[in-house]
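The chain below stands alone and is given as structure tokens, in the form predicted alone.
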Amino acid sequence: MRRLIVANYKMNGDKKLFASIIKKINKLKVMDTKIVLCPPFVYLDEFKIKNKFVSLGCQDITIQDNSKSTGQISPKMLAEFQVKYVIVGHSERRKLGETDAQINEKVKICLNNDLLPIICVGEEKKSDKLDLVLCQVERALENTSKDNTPIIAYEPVWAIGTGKIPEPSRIDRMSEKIRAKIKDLGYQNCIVLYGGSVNKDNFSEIARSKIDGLLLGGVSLKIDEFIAIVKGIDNE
């Protein structure tokens, strides 16, 4: 299976930085890795992608597909920028009050408009039971077509931005639980990513776990380090 690497730039960057990133990304050659770049919405038009291995993503989407939503971003708008993926349910959105029900609606809106949702799940504390994460998975996919292949990004909240990552055995266990849950829900396949404090020093250890790729945050802004991780994953 082709690996998937997602760059979430969050609320970072400017035209100058993204120009330098795009220049190097367009020259990047990989064998078996798909790359998704998710810039802030206002910079989507700066991303002139000329690399067949690279697609555009967005960091969020509207909860309702109508014109009476001040400040929201619709699927139609995203289509004009050739966006293919959308990050849904990131822990930073959940902390702002986004609920499982709202995340489920966003997943449906994506799927109904030929967009691929990247569904973020993860426990708040290292001591939390991993079954809590499976509830997030189930609620996010409630009443969605079994024909789609869910993309689940396991991001333990306690690891994001801390420099600490779970033991590979914990990542493996969570990956196995997610795949089993997806199968129990009636889906044929799924893609499981890991995100949270990934860097050039620990990505190879994570890559040896039972995951299909990575969701990267801060390291995405360090283009040389990001490319090193992509090439390392591609060669695994």
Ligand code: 13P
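One-based numbering along the sequence shown. Keep in mind that this is a model prediction, so the values were computed, not measured.
One more form of this protein exists, namely the form predicted together with this ligand; it is left out here, but the text below deals with it.
Visitor: Of 25-33, 47-55, 193-201, 66-74, which is the one stretch near this ligand in the predicted bound form, taking non-hydrogen atoms within 4.5 angstroms as near?
Guide: In the other structure, the partner sits against 193-201.
Visitor: My question is simply whether Ile160 lines the interface with this ligand in the predicted bound form - judged by any non-hydrogen atom within 4.5 Å.
Guide: Looking in the predicted bound form, residue contacts with this ligand include Ile160, since a heavy atom lies within 4.5 Å.
Visitor: With heavy atoms only and a cut-off of 4.5 Å, decide whether Lys10 touches this ligand in the predicted bound form.
Guide: Lys10 belongs to the contact set for this ligand.
Visitor: I'd like to check something about Glu98: if you look in the predicted bound form, is any of its heavy atoms closer than or equal to 4.5 Å to a heavy atom of this ligand?
Guide: No - in the predicted bound form, heavy atoms of Glu98 and this ligand never come within 4.5 Å of each other.
Visitor: Taking heavy atoms only, is Glu105 within 4.5 angstroms of this ligand in the predicted bound form?
Guide: Judged by the heavy-atom cut-off of 4.5 Å, Glu105 is well away from this ligand in the predicted bound form.
Visitor: Using a 4.5 Å cut-off on heavy atoms, which residues of 218-235 contact this ligand in the predicted bound form?
Guide: Stretch hits: a single one, Gly218.
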